[in-house]
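What follows is one chain in structure tokens, specifically the form predicted on its own.
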């Protein structure tokens, strides 16, 4: 079992034919689940609709979208409507039996709404604000995914969760993918992004164990910080390898699995 996280840049530019062929070959020899992002597209459409987006920074330095009621409705519309449907259509065009799901469908992703969150303001001061409609994932409906996979489908999941009061909740797409991978007991999770992997001081980091990865949390740039955190969470959840690589190269999945490109994160050696 392999979980593939398709980054927002790939969604925005359209899936490359090389990636689609690579995914098709991978699906012929292994079971695959896809989770996608697309936050930049959400931001663009929200602003066109007259709803400027607000981003907040956590004490650990991670930036995230502040999600009020109107924002979560736009987020759901774009992620689970336009983006998810577009990806499913692109996969089906090359013969992949894809089916689109949000975390709402069948309570696929359950989350607990964050009542309060701590942020760091422009002056570096910590503040406690209302949590809005963001959630912390507590459960993945593995049975639903397994039914689809056993039926020959490739699930394509958008990162919307359902809360305890059946409300829509925004959950980070990288961390959603990590939760899906861990609860499915996937062997690998592959994060496809727009850079060649984790970069430090201008150089690609080819391999990290869990302890090394944890020591870098809070020390890498925006965007990569969430992928690193999600990789740590996936490994702690039992996934054997987390791979971060560019989705814009020839055969990105095959090359990542063979450790020919990107950054490989593994559990600590005994």
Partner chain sequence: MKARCPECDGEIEVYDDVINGEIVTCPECGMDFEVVIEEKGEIKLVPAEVEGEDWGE
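Positions refer to the first chain, counted from 1. Quick caveat, the model's predicted, so the values are computed rather than measured. Between two forms, the rigid core is the largest collection of C-alphas that superpose within 1.5 Å.
This protein has a second form, the form predicted together with its partner chain, left out of what is shown; the following refers to that one.
- Using a 4.5 Å heavy atom cutoff, none of 188, 213 and 266 lies near its partner chain in the predicted complex.
- Stretch-level contact analysis of 121-129, 142-150, 195-203, 91-99 against its partner chain in the predicted complex, using heavy atoms and a 4.5 Å limit, identifies 121-129.
- At the 4.5 Å threshold, heavy atoms of residue 175 reach its partner chain in the predicted complex.
- The closest non-hydrogen atom of residue 45 lies beyond 4.5 Å of its partner chain in the predicted complex.
- Put simply, residue 57 is close to its partner chain in the predicted complex: some heavy atom of it is within 4.5 Å.
- Looking at residue 134, you'd find a heavy atom of it within 4.5 angstroms of its partner chain in the predicted complex.
- Contacts of stretch 96-124 with its partner chain in the predicted complex, defined by any heavy atom lying within 4.5 Å, are made by 112, 113, 114, 115, 116, 117, 118, 119, 123, listed in sequence order.
- Relative to the superposed rigid core, the position of the CA of residue 61 differs between this form and the one not shown by 2 Å or more.
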